[in-house]
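Here we start with a single chain on its own, the form predicted alone, put down as structure tokens.
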């Protein structure tokens, strides 16, 4: 099967699952952030744990990544100030918009017009971040 078709199929299934668990529902996201309903937080925690275990098993069994490369899990350098600032901006944007990069695509797929505005904001934010990061490297 064509790789692009595989990615499209996986993305469609992933978006469907996000929609079914309520990850694209602004009210459920709001209730998660206010602590009223932690269902979505448990879904996120389950996904993180599942991915972590799968990556560890993948690496330990010697499976190869895309293109036949070895699977490596490298620690990234910790920059506390930037991590806290980035996390705060991400969390604030998520709380205000009711979407993160994965769920915004599910919202758009569900026909939620505010999802389009959020997606445009994410694209513009990424563009401006790239401009700032490029200037800092020079």
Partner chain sequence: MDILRMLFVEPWPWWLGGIAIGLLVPLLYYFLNTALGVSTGYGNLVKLFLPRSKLKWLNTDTYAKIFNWRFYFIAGMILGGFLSARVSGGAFLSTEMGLFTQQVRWPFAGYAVWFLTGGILLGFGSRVAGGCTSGHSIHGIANLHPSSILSTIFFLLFGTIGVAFIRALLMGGVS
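The term rigid core refers to the maximal set of C-alpha atoms that superpose within 1.5 Å between the two forms. Residue numbers count along the first chain shown, from 1. From a predicted model like this one, the values you see are computed outputs, not experimental measurements.
Below, we refer to the form predicted in complex with the partner chain, which is not included among the displayed structures.
Asker: Do residue 82 and the partner chain come within 4.5 Å of each other in the predicted bound form, heavy atoms counted?
Answerer: Yes, residue 82 is a contact residue.
Asker: Taking the partner chain as it sits in the predicted bound form, is residue 62 in contact with it (heavy atom to heavy atom, 4.5 Å or less)?
Answerer: No - in the predicted bound form, heavy atoms of residue 62 and the partner chain never come within 4.5 Å of each other.
Asker: Indicate whether the partner chain has at least one heavy atom within 4.5 Å of a heavy atom of residue 57 in the predicted bound form.
Answerer: Contact with the partner chain, no.
Asker: From first to last in sequence, which residues of 1-28 have any non-hydrogen atom within 4.5 angstroms of the partner chain in the predicted bound form?
Answerer: Contacting residues: 3, 4, 6, 7, 8, 10, 11, 12, 13, 14, 15, 16, 17, 18, 19, 20, 21, 26, 27.
Asker: After superposition on the rigid core, does the Cα atom of residue 50 shift by at least 2 Å between this form and the one not shown?
Answerer: For residue 50, whose C-alpha is compared between this form and the one not shown after core superposition, the shift is 2 Å or more.
Asker: Any chance the CA of residue 79 moves 2 angstroms or more between this form and the one not shown, core superposed?
Answerer: Yes, because once the rigid core is superposed, the C-alpha of residue 79 moves 2 Å or more between this form and the one not shown.
Asker: Have a look at residue 65 and residue 126: in the predicted bound form, are their Cα atoms closer together or farther apart than in this form, given the change is 3 Å or more?
Answerer: Compared with the form shown here, the C-alpha atoms of residue 65 and residue 126 sit farther apart in the predicted bound form, by 3 Å or more.
Asker: Tell me whether residue 7 and residue 72 end up closer or farther apart in the predicted bound form, going by their C-alpha atoms; the shift is 3 Å or more.
Answerer: Closer: residue 7 and residue 72 approach by 3 Å or more in the predicted bound form.
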